[in-house]
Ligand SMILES: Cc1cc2nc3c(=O)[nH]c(=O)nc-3n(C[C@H](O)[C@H](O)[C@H](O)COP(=O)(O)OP(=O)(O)OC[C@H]3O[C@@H](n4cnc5c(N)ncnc54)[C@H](O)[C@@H]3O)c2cc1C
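The data below hold one chain only, encoded as structure tokens and taken in the form predicted alone.
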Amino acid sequence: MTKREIDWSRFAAELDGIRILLNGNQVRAKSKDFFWYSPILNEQLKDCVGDLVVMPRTEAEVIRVAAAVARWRVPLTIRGAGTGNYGQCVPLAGGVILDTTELNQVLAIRPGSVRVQTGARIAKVLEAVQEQGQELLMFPSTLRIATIGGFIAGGSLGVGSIRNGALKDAGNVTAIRVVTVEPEPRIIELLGADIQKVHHAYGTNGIITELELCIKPAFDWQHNIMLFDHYTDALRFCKAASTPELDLFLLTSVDRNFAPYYEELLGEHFPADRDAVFAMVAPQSLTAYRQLALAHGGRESLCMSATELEQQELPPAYECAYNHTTLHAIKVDKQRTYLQYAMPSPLDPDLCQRFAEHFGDEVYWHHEFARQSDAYQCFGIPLVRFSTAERLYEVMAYLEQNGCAIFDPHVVTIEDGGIKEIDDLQIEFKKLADPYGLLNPGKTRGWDQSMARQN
């Protein structure tokens, strides 16, 4: 979509009563996410900026925004807290940015379910359900600031996935409420399998205003660090611990090269001469977990509840996992970026050792253990010393040649980053909910502007 000249003062006047940001610095800040994890995306996206920001407080105000966007035929990009890593909420063609963070209410909590507005901070939702003895099935490592709608629209796995699977697995998200972008917007409630029409669609085919999520009885998870003499020992332990017999909420391995990035946070709990496994373990599984670690050469360096960690000013295990590892590293070493891939199943720790020998200190190794469609899997999120884009793709090619499935984090489109093919279900829904092709243009290869309604 090419950028058109628009009288933004007149456009803003039509939305009188809705909070609008026109200040250049504010608009620029709301045009960014964590794409700077990738030097490739940073170069592509650093100058992409919207024209104005709207911050609706109610669904009725969202409808007014959607109607105005449709009448004016201007691009509309939706954002939450902006913690995504792939430029999901960066406006490639300018236009309107819809900031959802004022739509932040927890609407209803029942046994087994919670209904929330899209811009609710996940930490707020978790706190609300915990007060009733329940907990979320999963969340990103950016729990403290991320919004629930952003996680559903841009995420796939998270902390909790080893126990509860991927976001897309049946029953995890049970309902999504969507506003269409038309001169007379409609509200569509998607239930059950139909939520896949908008889940992980980067906000390209509907404005999510509410979600209903499955929740479960809460545990006082024990945040645990095990240390190993060899990274293959850590991987063998994680493979053995990926079993229904152990109730885990998180299982993450990182090699010893990560220790300097955690020195101020963890000190002697993660020394530079050991590889580490971070976990969240249910109290009733703790004894068996420790025995299994001991059998694989592990030594426990920390085990505390969330309350105890806070008292000791130590980070929770989930802030030592997923892409928080990348965040900690990049703060210290600006030359590092990251990759994402799935290891061949079943996991072969010796294959990981061959990878380590092949790349040396060019790559630091980090693996997440999760379930997807009831099968345990191992996902790599390694740190790579960046030199050129060509070299980065050579690393990816080597991993792919050895059986790994690459989820490229250095591209902006849904398809190129993950599934590698067009999701026809999502494109058909876009024709219904975004008939003019105004939502987050440029983020899906499945949409061609020739598909757009012309009247």
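As the structure is a prediction and not an experimental result, all values here were calculated from the model. Quick note: we count residues from 1 along the sequence shown, nothing fancier.
Just so you know, the form predicted together with the named molecule exists too; it's not on screen, but the next bit is about it.
- Residue contact check for N257: none of its heavy atoms lie within 4.5 Å of the named molecule in the predicted complex.
- Among residues of the shown chain, L327 is one whose heavy atoms approach the named molecule to within 4.5 Å in the predicted complex.
- At the 4.5 Å threshold, heavy atoms of S141 reach the named molecule in the predicted complex.
- In the predicted complex, no heavy atom of F386 sits within 4.5 Å of the named molecule.
- Proximity to the named molecule in the predicted complex, defined as a heavy atom within 4.5 Å, holds among P91, G380, G154, P349 only for G154.
- Contact with the named molecule in the predicted complex, judged by any heavy atom within 4.5 Å, is made by just one of Y322, W365, F228, Y262: Y322.
- Three-residue candidate spot V277, A282 and F369; no residue lies within 4.5 angstroms of the named molecule in the predicted complex by any non-hydrogen atom.
- With the partner omitted here, the stretch from 201 to 209, 218 to 226, 290 to 298, 185 to 193 that lies within 4.5 Å of the named molecule by heavy atoms in the predicted complex is 201 to 209.
- Applying a 4.5 Å heavy atom cutoff to the named molecule in the predicted complex picks out I78, R79, G80, A81, G82, T83, G84, N85, Q88, C89 from 66 to 90, in order along the sequence.
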